[in-house]
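We begin with a single chain expressed as structure tokens, specifically the form predicted on its own.
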Amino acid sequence: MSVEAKIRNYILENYLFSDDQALLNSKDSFLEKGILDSTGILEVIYFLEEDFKIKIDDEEMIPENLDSVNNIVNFIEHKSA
């Protein structure tokens, strides 16, 4: 399963309570669309650290890294490089 698919499925199952891929555009801002709040972001960070075996530093916890599927995919690819 691709990085994008893992992240999309996690968000859909845990926050949108669906497996309907049409409910989530990879460019959608989680905060602007009301998909995640600050607690949800922390849960996503825990998921990313566990599932992708990365460490997310405090200064990396910014919307540019974590506020959409696309942003997270780019961030993980950068961290894994």
Partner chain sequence: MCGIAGIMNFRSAVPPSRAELKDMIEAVYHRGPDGYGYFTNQKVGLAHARLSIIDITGGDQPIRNEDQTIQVVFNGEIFNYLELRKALIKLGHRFYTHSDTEVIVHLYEQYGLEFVAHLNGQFAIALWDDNHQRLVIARDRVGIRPLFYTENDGRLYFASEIKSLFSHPSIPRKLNLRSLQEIFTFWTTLPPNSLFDGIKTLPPGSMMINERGERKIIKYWDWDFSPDNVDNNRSAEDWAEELKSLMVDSVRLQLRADVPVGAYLSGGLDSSVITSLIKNFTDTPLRTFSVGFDDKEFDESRYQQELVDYLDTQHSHVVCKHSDIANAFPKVIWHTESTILRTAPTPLMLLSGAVEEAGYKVVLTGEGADEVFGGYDIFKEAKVRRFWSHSPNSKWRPLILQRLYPYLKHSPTGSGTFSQNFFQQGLEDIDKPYFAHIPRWATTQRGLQFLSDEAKSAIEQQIRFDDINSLLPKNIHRWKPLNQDQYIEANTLLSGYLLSSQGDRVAMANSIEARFPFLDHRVIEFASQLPNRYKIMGLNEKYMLKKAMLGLIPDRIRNRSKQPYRAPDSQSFIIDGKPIDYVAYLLSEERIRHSGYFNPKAVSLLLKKCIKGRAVGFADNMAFVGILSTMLVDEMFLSEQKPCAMDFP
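Quick caveat, the model's predicted, so the values are computed rather than measured. Residue numbers count along the first chain shown, from 1.
There is another form of this protein, the form predicted in complex with the partner chain, and it is not shown here; the text below is about that form.
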| message | Against the partner chain in the predicted bound form, would residue 47 count as a contact residue? Criterion: heavy atoms within 4.5 Å. | response | yes
| said: in the predicted bound form, does residue 16 come within 4.5 Å of the partner chain, counting heavy atoms only? | reply: yes
| task | Decide whether residue 54 counts as a contact residue for the partner chain in the predicted bound form under a heavy atom distance cut-off of 4.5 Å. | result | no
| field | Any non-hydrogen atom of residue 43 within 4.5 angstroms of the partner chain in the predicted bound form | value | yes
| note | Near the partner chain in the predicted bound form, with a heavy atom at 4.5 Å or closer, the residues from 48-81 are 50, 51, 61, 62, 63, 66, 67
